[in-house]
Structures are given as C-alpha cells and as structure tokens.
Ligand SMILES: CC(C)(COP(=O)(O)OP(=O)(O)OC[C@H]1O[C@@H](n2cnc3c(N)ncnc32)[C@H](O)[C@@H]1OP(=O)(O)O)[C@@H](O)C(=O)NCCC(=O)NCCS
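Starting off, we have a lone chain in the form predicted alone, written out as structure tokens.
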C-alpha cells in the first residue's frame, strides 16, 4: 500500500485537471501512468517544439508551449502537472521556467499502481515511478526524479533531486545517488556505494566502488571512463 503521508487518498480528493510537459516518448509514458491514477484528468501536453493541436497520445494533443500555461490554467482550470522529460538537466530547466511563469503550478507525482513503495519511504514531488518499480524501506526520493520500469531501489537509499534510474536498475542497500545523476538501463550498484552528483553510469554496468561527481563510469566492473560538465547531453 502506498504511503498516505505522501500520496493523497483518491476517495477524498476532487479530480484535478493537469498537463504533461514534454510530448516525447517519456512524456507519453508519464501520460499513460497518469491514466491509471484516480483523481487526475490529463488535459493534454505542453511542448514548445510541436505545433499546437498535434495529436500525441490517444486523443491527447499539444495545448501550447510553456508561455501559454498562465492562460491555459485560467481557461481550463488546470492546477498543475508534471514534467515528462527524460534528460535530467533539461527537466530541471523546464521546471525552473514553469516556476517563474506560474508559481502556483502544482507539481504532482506520477506513480503507476503496479509500483511497490514501502510505507516508510519518503517521496518528494514531480517524480515519475513506473510500473513494477520497487522503492524499499526507509528510502528517500527527492524532487523530479525518475524511477523507471522494474527498477529496484533498495532499503535506506537516497536519490537527490533530478536523479534518474533507467529500467531494471538494481541498487543494494544504503546507496546514495547524487543530484542530476543518471544510472542507465540494467546497471547494478553494490550495497553502500555513493554516486556523486551529475554522474553517468553506463548500461549494464556493475558499480563496486564509490563514484566521484561529474564522472562517467561503465563496464563490469565499472571503471571511470571520463568526466563531464553540468548539462552535457547523455541520452
């Protein structure tokens, strides 16, 4: 059962009109998760790179760009939504833009009903938790993170803001994942490992040593293969 401290009880809340910011593949996954969540009505997508009216997912269309949000919130009673952009750095920039445009915008969590979340886990806002993901005991998830399909975040982990783990990532207990860090598909992180901010762990890597900030690691066992700057593309 999901922790009611962090997730509203559907039977006690009114349906809220919301939007998904970003209409790419990840944005469509987010919209699909929200379709399984009571209490929300997805009105459409916000995307500055697609023409208004473009059909993106089912009957959901692009309603406009970020600058159109104030008017849309007024005319369609939109209360908030979530940024459905996979790149951690770009997601943070879009969140900041929305906060500046409409401070009242409510960032929600998109949590698939097939996810398993401990009652002792703490979860911030703006997060995407996909189908069959597991978040175990005493783990803390920050804001605007992604825990993708069938990922397992074990006990006493910490994920800082704008971090992401791809499908089938597995962490041991007491793992720390720094802000903006991306752990790629199928990677395994040993118990007690700390991964610094803005780092990239490659697909299928097995991380047995602490990872310093702003670094790139991959391989079995994972080794440092390079360094990176904040905002460097990785997807």
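Numbering follows the first chain given and starts at 1. Nothing here was measured: the structure is a model prediction, and the numbers come from that model.
What follows is about the form predicted in complex with the ligand, which we do not show.
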Exercise for the section: Just give me the single entry in 127, 139, 148, 92 that has a non-hydrogen atom within 4.5 angstroms of the ligand in the predicted complex. Expected result: 148
Exercise for the section: Tell me, out of 179, 60, 34, 200, which residue has a non-hydrogen atom within 4.5 angstroms of the ligand in the predicted complex. Expected result: 200
Handout entry: in the predicted complex, residue 219 touching the ligand (heavy atom, 4.5 Å)
Key = yes
Exercise for the section: Indicate whether the ligand has at least one heavy atom within 4.5 Å of a heavy atom of residue 167 in the predicted complex. Expected result: yes
Problem - Contact label in the predicted complex: residue 235 to the ligand, heavy atom within 4.5 Å - result: yes
Problem - Close approach of residue 194 to the ligand in the predicted complex, 4.5 Å, heavy atom - result: no
Practice task
Choose one stretch from 52-60, 65-73, 35-43, 179-187: the one whose residues place a heavy atom within 4.5 angstroms of the ligand in the predicted complex.
Solution key: 179-187
Exercise for the section: Heavy atoms within 4.5 Å of the ligand in the predicted complex is the criterion; list the residues of 84-101 that meet it. Expected result: none
